[in-house]
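To begin, one chain is listed below as structure tokens, in the form predicted alone.
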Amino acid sequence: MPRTEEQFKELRVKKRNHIMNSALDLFAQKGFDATSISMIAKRASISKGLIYNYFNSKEELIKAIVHDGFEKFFVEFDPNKDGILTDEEFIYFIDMTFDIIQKNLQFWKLYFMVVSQPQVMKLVEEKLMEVLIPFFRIMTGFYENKGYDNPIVHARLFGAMLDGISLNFMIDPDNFPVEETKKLIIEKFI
């Protein structure tokens, strides 16, 4: 029996995700510049030409990976999408943040590689800002509603702290005090 249009779409999404995951592993291990389309094709066990059916270039591929990773991360932020973060939503976001960091360690390795290389950061900056600007706007509103002086500084401090936590967890995942850190963040930042 021939495949339906829906089955073709589903296969295409699976193949695209497989390519992205293969590229993510290589980018996180070897770096962006040291990873070629040929290496990605080999890791994905597909032809180099097939990658170009999904992505026009290696640059487009890294943009898609970064955008997808942050979309998955921030979909948990402000779950009802009303633009206002409540204390309960903030606590939920903290819990989900740690869960996402623990489950997607390769993505966070890639993220730190990207932000530490200006030429690679330029490739993904626009996509990254599409996600980060609304995050900081909502975080700023959260601290504004709580009556904090200079709420943007608190929002930026919170974002920088999440980066630091992610980096420290990445370095020593077996010994990082996840639960204690979550409790402390909630205590200090709400």
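In this text, rigid core is short for the largest set of C-alphas that superpose within 1.5 Å between two forms. Just so it is clear, the model here is predicted, and its values are computed rather than measured. When you see a residue number, it is the position in the sequence shown, counting from 1.
The form predicted in complex with a further copy of the same chain is left out here; the points below concern that form.
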Q) Using heavy atoms and a 4.5 Å limit, would one call residue 104 a contact residue for a further copy of the same chain in the predicted complex? A) no
Q.
Does any part of residue 91 reach within 4.5 Å of a further copy of the same chain in the predicted complex? Heavy atoms only, please.
A. no
Q.
Test of understanding: in the predicted complex, would residue 3 fall inside 4.5 Å of a further copy of the same chain by heavy atoms?
A. no
Q. Any of the heavy atoms of residue 83 lying within 4.5 Å of a further copy of the same chain in the predicted complex?
A. no
Q. Which of 36, 57, 145, 29 has a heavy atom within 4.5 Å of a further copy of the same chain in the predicted complex?
A. 29
Q | All of 68, 87 and 96 with a heavy atom within 4.5 Å of a further copy of the same chain in the predicted complex | A | no
Q. So which bits of 106 to 122 sit within 4.5 Å of a further copy of the same chain in the predicted complex, heavy atoms only?
A. 112, 113, 115, 116, 117, 118, 119
Q.
Would residue 50 count as moving between this form and the one not shown, using a Cα shift of 2 angstroms or more after superposing the core as the test?
A. yes
Q: Look at residue 12 and decide if its Cα position differs by 2 Å or more between this form and the one not shown after superposing on the rigid core.
A: yes
